[in-house]
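One chain is shown next in structure tokens, namely the form predicted alone.
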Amino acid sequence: MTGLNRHPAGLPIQEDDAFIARALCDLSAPTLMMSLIHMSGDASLLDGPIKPKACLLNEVQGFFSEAEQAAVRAQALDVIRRYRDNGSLLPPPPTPGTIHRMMNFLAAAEVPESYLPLMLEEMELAGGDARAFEWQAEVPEKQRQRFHVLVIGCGMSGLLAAIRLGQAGIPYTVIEKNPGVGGTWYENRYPGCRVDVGNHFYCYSFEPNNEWSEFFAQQPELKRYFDACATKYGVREHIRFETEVIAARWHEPAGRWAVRVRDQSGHEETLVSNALISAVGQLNRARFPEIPGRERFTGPSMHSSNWRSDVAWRGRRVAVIGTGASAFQIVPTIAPEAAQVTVFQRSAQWMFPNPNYHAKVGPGKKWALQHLPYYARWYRFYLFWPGCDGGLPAMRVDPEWPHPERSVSAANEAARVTFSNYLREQVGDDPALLEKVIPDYVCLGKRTLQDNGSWLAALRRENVELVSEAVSEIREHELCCEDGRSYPADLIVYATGFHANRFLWPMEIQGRGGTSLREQWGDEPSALLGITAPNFPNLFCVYGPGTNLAHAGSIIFHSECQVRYILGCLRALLEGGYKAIECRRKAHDEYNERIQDELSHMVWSHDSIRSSWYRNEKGRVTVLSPWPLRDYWEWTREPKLDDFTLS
């Protein structure tokens, strides 16, 4: 993949003025201004009259007028021409103070000093890999080669863990149940499947890709990205594909894990490893609704995460059960060619407008990401900052707020009004549909989806019907609802989510003294920083309990934090000559008390939410992180060894 780029200063510019002028039309004008400062050494742009009015998610033009954008491009053409004609040589880099001012300029607000180290690391303005693993003391090669790590899963986080282990020179094996890498982006192949985090941020910080064809790429392109990373970093030869972990047991005398695996032929064997990294994710075990008669349906049926390419849906009557993220993508994609689409909704979804959700990346943008000095890194900042911690206040409960029945704070109320107005504008003169699509719970309380108009436009089609009555029974050729109506169907798609609270299920993990992880966790899984648990030495989770993000960032960012922390634990083992590292009960319990207290004050715990995959059967939130990204990044830079017992 040619877009895997390690040149933050840009490739030499050789194109003529006409080409450059055309390319500039595709760019983010505020981001372009940052690149101009690097090329010219002149930071006076920061004090000029053209400045971003605000920095909002998915809005990359800073609310510049057309005239302001044209003025920036005209100035840019002149600066780029001089830079090109001078041999693409850069002046001295901006000072740290100027870099901070540049951040403030793009953010249209003061970026707190406490966030500077995080943002500088994320941007990698100096080049190189700011999160690369480094040994702090010499560990002999022979000692490292005797230490083996087994990674469960080769999705985004398992692949990341493998890459870092390889860079550290630590032997490892990856067990992957699928025939290929990518996890979510290997398994989910339904029509319209795409990411909902901007692609230029949804990639490893050390492996940016400048060739995305869309701002929110579809599944095949995401899969190709992770395939390319697995090849580039030599991970493939360490993967055992089409193999599942059945069970793992800690052997105290040896200080090792015995891991039972089974391949697709049914052959089982036991592998031994010094450490175990679970990268199985939270959203990979399909959940089906308990509707009587499911087995009676005579037509084909499938879960959205196991889409059957051999099943024809064009020209047929399709029943889609669920209106979550996958249904949001499936229904608008199949509606134009299906005979009828009946969508069964358990609860409506809050959504926010994103006009770029299906937009293509122009050729000028791709050229700029490769050639304009630091444009790609500042563009990543521009995507990251509004999706960092700015949305957290709207999700925190204000105990003094006088309208707790409809919102949790003034900021949350403002979001409710904005999102409600968007729904009204999209639905138009259809009060019956509007009543169905306005949620009856507080805004931001569940996963908030994004829409470019395609979802509500699909629901307004003549061949699409949104049903808000619960399905009470499935018969041979139809679905029956509680109001007595029935809906004929040729095909059923279950867009009903996953067993998000059943971490590491269905594996049986036994730790010190035969302790069962499943029994220890029960319905409320918990881990220190979502990574380690007492009684389970040398066991680490990536994307574990309490680490899913519903307020900010991307899972890739969070996984990079967690993998760095895990490698820090392994470094402590090897450099100290230890064989086991185990989270102390006191550290774990204190952290769990803090996170549960914090979650109880967040919108996700509001009484108006009757069902959500964020919560367990008792209504407690166990999968989400309530922490500001800056805090979690700081806590995971290095493990606090006082939180562990090393033996």
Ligand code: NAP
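Just so it is clear, the model here is predicted, and its values are computed rather than measured. Start at 1 and count along the sequence shown; that's the residue number.
Keep in mind that the form predicted together with the named molecule is missing from the display, and what follows is about it.
Novice: Taking heavy atoms and a 4.5 Å cut-off, does Phe498 contact the named molecule in the predicted bound form?
Specialist: Phe498 belongs to the contact set for the named molecule.
Novice: Residue-level question: is Pro332 within 4.5 Å of the named molecule in the predicted bound form, judged on heavy atoms?
Specialist: Pro332: no contact with the named molecule in the predicted bound form.
Novice: Indicate whether the named molecule has at least one heavy atom within 4.5 Å of a heavy atom of Lys446 in the predicted bound form.
Specialist: Close contact exists here: in the predicted bound form, Lys446 approaches the named molecule to within 4.5 Å, heavy atoms only.
Novice: Taking heavy atoms and a 4.5 Å cut-off, does Pro289 contact the named molecule in the predicted bound form?
Specialist: It does: once the named molecule is placed as it appears in the predicted bound form, Pro289 has a heavy atom within 4.5 Å of it.
Novice: Spot the stretch among 256-264, 186-194, 100-108, 518-526 with residues whose non-hydrogen atoms come within 4.5 Å of the named molecule in the predicted bound form.
Specialist: Heavy-atom contact with the partner occurs in 186-194.
Novice: Select from the listed residues Gly153, Pro537, Gly182, Gly322 the one whose heavy atoms reach within 4.5 Å of the named molecule in the predicted bound form.
Specialist: Flagged contact: Gly322.
Novice: Here the chain is shown alone; which of Ala489, Leu573, Leu283, Leu459 has a heavy atom within 4.5 Å of the named molecule in the predicted bound form?
Specialist: Looking at the other structure, the residue within range turns out to be Leu283.
Novice: Can you name the residues of 325-361 that have a non-hydrogen atom within 4.5 angstroms of the named molecule in the predicted bound form?
Specialist: In sequence order, Ala325, Ser326, Ala327, Gln329, Arg346, Ser347, Gln349, Tyr357 come within 4.5 Å of the partner.
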